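Shown next are two forms of a single protein chain, provided one at a time as structure tokens under the names structure 1 and structure 2.
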Structure 1
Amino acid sequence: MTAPRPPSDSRRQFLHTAAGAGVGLTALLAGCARQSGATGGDRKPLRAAFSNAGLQSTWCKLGKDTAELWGKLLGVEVVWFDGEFDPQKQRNKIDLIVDDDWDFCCFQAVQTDSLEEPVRQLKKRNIPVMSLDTLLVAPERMREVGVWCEIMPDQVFMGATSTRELMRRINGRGKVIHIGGLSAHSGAQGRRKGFETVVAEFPDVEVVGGGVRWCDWKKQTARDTFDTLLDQTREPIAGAFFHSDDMAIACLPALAGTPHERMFITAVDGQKEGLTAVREGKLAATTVNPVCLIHMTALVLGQFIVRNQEPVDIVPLQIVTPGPLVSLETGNLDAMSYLADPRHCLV
């Protein structure tokens, strides 16, 4: 099957992203240079506490690597507290460190609201707190609780972008499978919304199994569910959308020897494994969930706030990090692979 050329939007989008990343990096370097100048080249070493959902996940581990890599470059000592995918364990760890000396803190809460009290304690001590990816508290209460800024990807956009590419590949008709992350996760809900919004525009598309199948980000659950859904029909299923590359890659072997072998699969995350799968033609496309950009932005922002003594009023309440679609046709695969390389941690 010869796929049609991608819309020029994809190229424009990539150019915008690349331009945005370039502007961001320039600003970062300019900021560092200005700071060096202001202090005569002697930057005050800073200390920051970081925590994200759980280092069992490659996404979170990459976030940690990013913070540590950029921390070294910017003179910020990053101390890590693993959330272990358990709100109680994460809360216990953060409760223990609220009285320590930090210049700023960056947290991805395992569960929204679970870190509210320690963040309030940090606010009393004038320690800026940045929220990563998942809302620490509801947006209207962020400043009252003590969250300076929320740095997050656009989950709905990521779901919608990958789904739109899937619809383009299957010419807007046929059966598709929708494998979801964790239903309680705001990111997964955003991706579901993105998928459903796009699919609603295509009346000839039927979602196998009645709708999204939540698999808790677990590869095993995703594989079991996918296997069962594949066996529901002998009529070839046109495509599948997965909320994460990891789940999609774990399901790829299930297609061999079935009538669905030519199925198009799109997903979200766009990190090393996903980009490799795109390069090998196993995934039709993936949308980048910019884990490195999120953690790097939080770190860079934190050090600016502290070193420039910026007041909370000038810091934006929310920063949405861009994540482009990557396929063999979008022309950004090599660039994204370079940016996502763990030695660079840039996207």
Structure 2
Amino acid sequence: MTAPRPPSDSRRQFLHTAAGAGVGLTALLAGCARQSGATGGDRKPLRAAFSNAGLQSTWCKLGKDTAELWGKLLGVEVVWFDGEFDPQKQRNKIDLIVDDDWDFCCFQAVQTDSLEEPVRQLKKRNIPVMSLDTLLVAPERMREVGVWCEIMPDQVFMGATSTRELMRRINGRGKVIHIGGLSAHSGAQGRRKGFETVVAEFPDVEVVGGGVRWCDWKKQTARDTFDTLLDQTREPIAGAFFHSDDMAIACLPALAGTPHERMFITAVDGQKEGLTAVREGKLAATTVNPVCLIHMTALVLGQFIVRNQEPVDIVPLQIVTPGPLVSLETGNLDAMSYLADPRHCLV
């Protein structure tokens, strides 16, 4: 599995700046939409199909809440299809709705390529499809399959940023644990690459078990795997990097009363639960995977494309969203907590 290629530095800076500015602009859009009738009045309400990986994840649940909140503001009925962290179940659900009446669709594929055929069917009906967070298909095949735009974080950057903070905390030496998401998930592969790229710079760091342990985003699987790795050595393990806050938080109780209880833990997601764990000193840091911004941007762009009758060739193929590191020292914890609040759904 190949992680999405990050854009050049100049393009990354542009896209990150544009995405950050979009928070304020989108709030303004909601007001403008009400005045112009986009939530009713002289404009037809729109209908959009959404699916993300699995609502048992707090990240995915917040994505659903975001799409529904902003859908109400912009006159878009959001119909949800839970991926259940099972590529076949997600595929079956999307197969069943490709002939229904949609204005646009937004999908986060549980597994790259698993939704290719239904997306092709939607393309035949001229229904725009937005890809969320992870790759529906490889970037060079997006337009041919029917993906109009990929709204995604820089997965490698997120993995590398949290890992570099972990290396700083442990002074670049000692044993560390690497708990991964789903191996067929392009985002998890990007986070793995970010971790391994940084760790390669530190010859005095040893990864317990030899490398990433894939846990399919499941909290119990992560806890069982973590317990097994902790038992492999009585020497204190210095740190751990998790691909999601959910898995990291689920494993925290395992440290009590062990030689490893002073372990530093970093992760990725940076939403309410993870930010609270940072505030309480349970996580050393997390890097924001801006679930609200990703889902909101997909919905806003989708309704623009339909209402403005925009052709596919003027829509950017990829939009990269910003994802800052958050710790007690970075100075952005309060701001991120406010923006990620489910009442706002902005980051």
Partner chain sequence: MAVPPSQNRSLARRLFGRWEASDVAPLVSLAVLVVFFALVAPGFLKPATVVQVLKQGSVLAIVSVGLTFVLLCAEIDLAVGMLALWTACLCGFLFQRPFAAGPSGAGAAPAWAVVVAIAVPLATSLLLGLTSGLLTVWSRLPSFIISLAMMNIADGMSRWLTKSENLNVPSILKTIGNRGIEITNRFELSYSALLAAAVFIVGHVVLQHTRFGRYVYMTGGNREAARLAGVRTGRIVVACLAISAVTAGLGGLVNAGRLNSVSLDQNADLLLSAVACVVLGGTSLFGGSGGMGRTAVGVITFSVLKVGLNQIAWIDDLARPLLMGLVLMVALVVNGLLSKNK
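Please read these numbers as outputs of a predicted model, since none were measured by experiment. Counting starts at 1 with the first residue of structure 1 and goes up one by one along its sequence. We call the rigid core whatever largest set of C-alpha positions still superposes within 1.5 Å between the two forms.
Two forms of the same chain are shown on their own. Structure 1 is the form predicted in complex with its partner chain. In a rigid-core overlay of the protein, residue 98 has its C-alpha displaced by at least 2 Å between structure 1 and structure 2.
The Cα position of residue 85 differs by 2 Å or more between structure 1 and structure 2 after fitting on the rigid core.
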